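Just one chain is shown here, as structure tokens, and it is the form predicted alone.
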Amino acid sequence: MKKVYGTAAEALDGLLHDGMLIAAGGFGLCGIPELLLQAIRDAGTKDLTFASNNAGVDDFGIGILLQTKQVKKMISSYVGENAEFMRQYLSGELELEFNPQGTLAERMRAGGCGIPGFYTKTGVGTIIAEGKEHKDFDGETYILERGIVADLSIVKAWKADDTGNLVFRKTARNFNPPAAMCGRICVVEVEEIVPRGALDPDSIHLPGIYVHRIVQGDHEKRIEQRTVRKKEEA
């Protein structure tokens, strides 16, 4: 099975359609599948629902798809750095399903493991719990959350071999593995594709069974919030 493709557009060929649910990895601006998001923008696919921790910023990440009005709904836990997201949400142009961060990650992981739902205490007594099934266990109330199964997963990894075994780098490891797991088809962009057998089996973060297509590319690697120390005077 061929998994390595030459460009992001080639890796997404035949997979995109209007109205689909896409799970996207990344946290802030770390580990965002930026090349695949650009290819989705260029393809013009619309009415999209994204399950993603955040929506990037105005001109990067999912933010570029908000600018072109290709996103219909966001399933997210944090959206605080995107002015266009805020504008569209407050004007009623964009649907939003808020999730606690851990709940969103577990919804993705559960979907990838074939678990249709799970109970959690997080969100009980808040707006998050409205309309959801409540159940008591050992005297504590929990709410039912459904697993997420996406039409497509797009994620970014540090290294891959040609079978799709993945290694993520530092913070990029948080949402990318569960996002990769929950897609019916998973497309990965990586910084480096290494020969088969070059990855230490004990260091592989996600096995290739979850990965269907891979593309290698150059990445911008933006810093979301840069904090520096003032220069000391001599």
Partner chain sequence: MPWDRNQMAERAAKELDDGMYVNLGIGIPTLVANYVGDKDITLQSENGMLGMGPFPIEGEEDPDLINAGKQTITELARTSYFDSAASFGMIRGGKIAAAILGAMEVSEKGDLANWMIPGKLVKGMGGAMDLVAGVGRVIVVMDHTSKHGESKVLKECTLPLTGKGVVDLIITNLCVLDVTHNGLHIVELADGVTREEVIAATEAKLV
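This one's a predicted model, so the numbers in the text were calculated from it and none came from an experiment. Numbering follows the first chain given and starts at 1.
Below: the form predicted in complex with its partner chain, not depicted.
Student: Within 4.5 Å, heavy atoms only, one stretch in 159-167, 80-88, 67-75, 146-154 touches its partner chain in the predicted bound form. Which?
Tutor: This holds for exactly one stretch, 80-88.
Student: Which pick from 92, 131, 114, 125 sits with a heavy atom within 4.5 Å of its partner chain in the predicted bound form?
Tutor: Only one listed residue qualifies here, and that residue is 125.
Student: Using 4.5 Å between non-hydrogen atoms, is residue 52 touching its partner chain in the predicted bound form?
Tutor: Result no; residue 52 lies far from its partner chain in the predicted bound form.
Student: Taking its partner chain as it sits in the predicted bound form, is residue 61 in contact with it (heavy atom to heavy atom, 4.5 Å or less)?
Tutor: So residue 61 does not count as contacting its partner chain.
Student: Consider residue 208 of the chain shown here, and say whether it contacts its partner chain in the predicted bound form, taking contact as heavy atoms within 4.5 Å.
Tutor: No, no contact at 4.5 Å.
Student: At the 4.5 Å heavy atom threshold, is residue 121 in contact with its partner chain in the predicted bound form?
Tutor: It does: once its partner chain is placed as it appears in the predicted bound form, residue 121 has a heavy atom within 4.5 Å of it.
Student: Judged by heavy atoms and a 4.5 Å cut-off, are 102, 105 and 173 together in contact with its partner chain in the predicted bound form?
Tutor: Checking in the predicted bound form: 102, 105 and 173 are all within 4.5 Å of its partner chain.
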